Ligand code: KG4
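A single chain, nothing else alongside it, follows as structure tokens in the form predicted alone.
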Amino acid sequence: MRILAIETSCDETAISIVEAMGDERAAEFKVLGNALLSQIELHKEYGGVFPALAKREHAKNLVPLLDAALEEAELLVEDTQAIPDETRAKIAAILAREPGLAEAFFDFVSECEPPAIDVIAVTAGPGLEPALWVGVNFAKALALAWEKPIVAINHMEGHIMAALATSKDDSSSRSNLEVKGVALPVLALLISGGHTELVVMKEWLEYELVGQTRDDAVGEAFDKVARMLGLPYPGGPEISRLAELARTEAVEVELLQEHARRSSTSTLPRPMINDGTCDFSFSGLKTAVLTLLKNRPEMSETEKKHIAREFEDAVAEVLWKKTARALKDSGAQTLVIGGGVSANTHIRRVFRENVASLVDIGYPQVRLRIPDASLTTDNAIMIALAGFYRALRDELSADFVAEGNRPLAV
């Protein structure tokens, strides 16, 4: 099965073409073509993703990326194609809300043969709804023009599949992936700018939500604390960089010593860590950093490094403690970490170290799966993987809408 996948949930425009074979027990994937364009530089001045700008850029970039992905996959065959008037009218109506996209779309599909693909997969949510609609409408237009079936994919399921996928034959290439030997139940910790949740998959592709944030998502907290420290957007990688420097320098900081005298602790709080649930809260941690910095408009670089370290340590500890509780409650055999924040060096280290020690404290053997760093950010490869499994179940229909809050677990 060849899947053409489209991802436009936030500020990355991505299109991939993946060849898949196998079934739900064991599947292999070969990435034939992959094109991605990030908008980070455009959104930096806003300190976050500006939805109207993201929507505009997706509409501008989709056709060139489709061209690039098809060419890489050697599926781009130039040949003049006549589009029936009725089909053209339907496509024009679908793309009416995406300025400039219809013209570029017709120019492209009129000059190439329908590619040898079997299904089109597209992110239908969750995400920024204006951005999602661009990808959804583009996918529906392609499905009409090329007479291909379409499948709607949950973005978070894509992150789970990206984490379950490993490089085939132990190679370092992400072009050859496989999903096999997955022991159920699977516990997934999904961490990103918009999500912090724990999901259990007891049966394949069936999910139960067991924990979620009650306020800020962890990635959102990273960005907000980064702004407090005067760091550029996106804040997560900047905090991680400073925190790693602080760990190697191991310097005592006057600011933290002063905080310890006032609060009887040398560390920032770990919100809800002992409340008996698998839910999260990061708003209080963010406020604690703000309080720590109050009346201190100037900070040395050393102070910034160690505040970053303290914050990152607190986040990693909370994430692990809540996940460990969910592991115990669910009896999960496979632990997955997915989403953009799963690229964080310290969080990955903490989870690897703690999972390695589980056997020594009486837990069953748990296998940890963390995606390759290149697959932690939003990408179309993960949408293709999820699209394969949904297509196997014949969940093909163009009757769906973009949903900013599309749930994974009902």
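Sequential numbering from 1, following the sequence displayed. Keep in mind it's a predicted model, so treat the numbers as computed, not measured.
One more form of this protein should be noted, the form predicted together with the ligand, which is absent from this view; the next part is about it.
Enquirer: Work out which of 234, 125, 211, 115 lies within 4.5 Å of the ligand in the model of the complex, going by heavy atoms.
Expert: Only one listed residue qualifies here, and that residue is 234.
Enquirer: Quick one: from 377, 39, 61, 34, grab the residue that has a heavy atom within 4.5 Å of the ligand in the model of the complex.
Expert: In short, 377.
Enquirer: Looking at the ligand in the model of the complex, do all three of 155, 194 and 344 come within 4.5 Å of it through at least one heavy atom?
Expert: Spot residues vs the ligand: full contact, yes.
Enquirer: Which is the contacting stretch out of 271-279, 196-204, 79-87, 215-223, given heavy atoms within 4.5 Å of the ligand in the model of the complex?
Expert: Correct option: 215-223.
Enquirer: State yes or no: in the model of the complex, is some non-hydrogen atom of residue 339 no more than 4.5 angstroms from a non-hydrogen atom of the ligand?
Expert: Yes, residue 339 sits close enough to the ligand in the model of the complex that at least one of its heavy atoms falls within 4.5 Å.
Enquirer: According to a 4.5 angstroms non-hydrogen atom cut-off, is residue 323 in contact with the ligand in the model of the complex?
Expert: It does not: once the ligand is placed as it appears in the model of the complex, residue 323 has no heavy atom within 4.5 Å of it.
Enquirer: Does residue 137 make contact with the ligand in the model of the complex, using a 4.5 Å heavy atom cut-off?
Expert: Because no heavy atom of residue 137 falls inside 4.5 Å of the ligand in the model of the complex, the answer is no.
Enquirer: Report whether the minimum heavy atom distance between residue 330 and the ligand in the model of the complex is within 4.5 Å.
Expert: No, residue 330 is distant from the partner.
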